[in-house]
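This document starts with one chain, in the form predicted on its own, laid out as structure tokens.
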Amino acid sequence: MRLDVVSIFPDYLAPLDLSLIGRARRDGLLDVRVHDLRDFTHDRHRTVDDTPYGGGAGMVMKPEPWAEALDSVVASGDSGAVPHLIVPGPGGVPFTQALARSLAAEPWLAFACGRYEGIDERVYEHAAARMPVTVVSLGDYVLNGGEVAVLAMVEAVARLLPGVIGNAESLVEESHEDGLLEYPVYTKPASWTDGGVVRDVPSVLLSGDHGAIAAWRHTQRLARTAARRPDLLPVSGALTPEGLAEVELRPATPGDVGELLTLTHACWLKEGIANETLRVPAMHETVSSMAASLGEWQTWVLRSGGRLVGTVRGRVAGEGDWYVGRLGVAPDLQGRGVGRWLLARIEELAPEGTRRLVLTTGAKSEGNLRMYKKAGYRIVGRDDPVGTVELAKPLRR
């Protein structure tokens, strides 16, 4: 693959001589050519910018040097060949792993590193008459220039070329390859004493059961994506309490266990962090324990567009008590009133003879405590189990 980069700071691209990208250049897998935009100026001061028409702060990069530089890059190629020009900019399409793979399939890419307030718009028109042009954004923020973005994009693209990464299998399960984040990884020692705290590698990774390991890793990817990047998961539209009449709330079945387990892990990971503990039972549920719980609780699941987006369960606990448990909403749909709606539904499902509604939450789960107190619950006990509070309210029908 050939890569051309045009910049007023060619030394900024020096890191492309380092590490795997540098080795790929030395091995002939990458032909990287860096061009100084100022070489295409014709005045004593090598001027590349001027004030913007219409007024405003900052300077705009002039069209003439850019046109000459890009024409020179095109003219240096084989007869009839043209590069795909990538222009980093906050107003471009998002740079994603899918786009990196698409660009890695092209034989020739050129990058135009803008500076100041950007490049004169007519340069894009000039370039588009000669080659494909795509403006690409590295993220929703603004940099001083395009060089940092080019370094990131070149590395993301080049590492996908055959031979650049020694073990091609390492590319398969990385973050974003299938829309999910990567699972947690561990190495030796299996047990590490960290300042008096013993931190163990999850036992499933030491089991030798490759099927169980694959299942654990997939569950971890879903949970991590839900916790850190819920925007990557399927969106269930503008789910609101008013729109819940259009969704399906029904008793959970064994067929729901996989998704229910993932949702549970995602929701209670957040609770474990808030309460500074890993001793939250929901965080340690397994497929088998979740399936068994369906026979112990009346568990309900909420689906929207086929996706499981919420759950709640209840059971009789003590004379006249209806115990509410495991109320969870997909992380990307929290804050829309869905949890309050589910709480109201499980209260309605309390059997005849119920006199009190009871539930337990983390003592530091401030969001949960606010919701339950607004719904009429009051704290009636603490630290059973440790770090939790028990809340109750009378049931009036």
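Quantities reported herein were computed from a predicted structural model and do not represent experimental measurements. Note that residue numbering begins at 1 and tracks the sequence as displayed.
Heads up, the form predicted in complex with ligand ADE isn't pictured, but that's what we're talking about next.
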(message) Looking at 311-319, 284-292, 87-95, 125-133, which stretch has residues with any non-hydrogen atom within 4.5 Å of ligand ADE in the predicted bound form?
(response) 87-95
(message) Exactly one residue in L138, A156, L269, L180 has a non-hydrogen atom within 4.5 Å of ligand ADE in the predicted bound form; which is it?
(response) L138
(message) Using a 4.5 Å heavy atom cut-off, which residue among G258, G145, P202, P184 comes into contact with ligand ADE in the predicted bound form?
(response) G145
(message) Test of understanding: in the predicted bound form, would L263 fall inside 4.5 Å of ligand ADE by heavy atoms?
(response) no
(request) Report yes if any heavy atom of A149 sits within 4.5 Å of a heavy atom of ligand ADE in the predicted bound form; otherwise report no. (result) yes
